[in-house]
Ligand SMILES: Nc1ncnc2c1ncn2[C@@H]1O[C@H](COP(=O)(O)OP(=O)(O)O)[C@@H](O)[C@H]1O
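This document starts with one chain, in the form predicted alone, laid out as structure tokens.
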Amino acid sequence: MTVSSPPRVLTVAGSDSGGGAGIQADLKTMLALGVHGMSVIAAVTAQNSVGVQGYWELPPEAVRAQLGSVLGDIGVQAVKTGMLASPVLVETVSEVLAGVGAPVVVDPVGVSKHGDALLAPEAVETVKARLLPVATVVTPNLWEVSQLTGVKVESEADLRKAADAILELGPAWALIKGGHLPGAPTDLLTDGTREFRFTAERHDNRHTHGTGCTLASAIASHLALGEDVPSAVEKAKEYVTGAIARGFPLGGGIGPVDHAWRWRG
């Protein structure tokens, strides 16, 4: 019997010791969607359901070595980036990914679900100048849009303005996540010419830790499986909406979305 290898997706992000977000959420998402997940750890967090108690960056040479190990031997069909913490790590990762011929999904992580900073203020300009230009898709939430562009999104009517401001920074596509606006959660995807809106049911569930990581990893997974960007986003949105609906309590704070919701039935 000949066994074929599944598509390969690499996440470059931070570790979440509580297992709800970061590298752990990325790898769970990739497994659930049928791809082989690989990881480059850029930072380690001490984190649980009530917040981030601390984080420690890995040395840039350690991040570069991990990238070299995976890319030089195994290869990738898509890449997702998350928490990169500092200017030097953003520069290191951006330099390597600029030479990778696979789609790159950038989740420009600035803060945790609990409001804890995960990106040094001085790294914002590096993200704008170095990382976003290598991105196939950038997936900011409304706070990250403001951090990166200064644009304030106060209603669904502002989503396109926000997307255009993100596109000016160099990515091929911008996906503006409108889940924090009133009404049905609506995300806007555009490459500057084509525009798509994705709406889902709003679930009354506070256990949503890892939503952003999960969505970006799901997009990368579907790109690796051969979908184009709009189709990958549509399928990723469907997956993360189901995961939010089945999010479960964990510890004394905000629990995670359920990456295995399709298996649990």
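The model shown is predicted, which means the values in this text are computed figures rather than measured ones. The numbering used is simple: start at 1 and walk along the sequence shown.
The discussion below concerns the form predicted in complex with the ligand, not included here.
Enquirer: Superimposing the C-alphas around the site, does the ligand, as posed in the model of the complex, end up open here or blocked, where blocked is 3 or more of its atoms within 2.4 Å of backbone or C-beta atoms?
Expert: In the model of the complex, the ligand occupies a site that, on this form, remains open once the ligand is superposed onto it.
Enquirer: Tell me, out of R64, H36, H203, K235, which residue has a non-hydrogen atom within 4.5 angstroms of the ligand in the model of the complex.
Expert: That would be H203.
Enquirer: Among L223, A42, M30, L215, which has any heavy atom within 4.5 Å of the ligand in the model of the complex?
Expert: Among L223, A42, M30, L215, a heavy atom within 4.5 Å of the ligand in the model of the complex occurs only for L215.
Enquirer: So which stretch, 130-138, 86-94, 183-191, 165-173, is the one near the ligand in the model of the complex (non-hydrogen atoms, 4.5 Å)?
Expert: The contacting stretch here is 183-191.
Enquirer: I have T11, V76 and P103 flagged as a candidate spot, so tell me whether each of them has a non-hydrogen atom within 4.5 Å of the ligand in the model of the complex.
Expert: The answer is no: none of the three residues contacts the partner (heavy atom, 4.5 Å cut-off).
Enquirer: Even though the chain is shown alone, can you say which residues of 235-259 have a heavy atom within 4.5 Å of the ligand in the model of the complex?
Expert: If the 4.5 Å heavy-atom criterion is applied to the ligand in the model of the complex, 235-259 yields K237, V240, I244.
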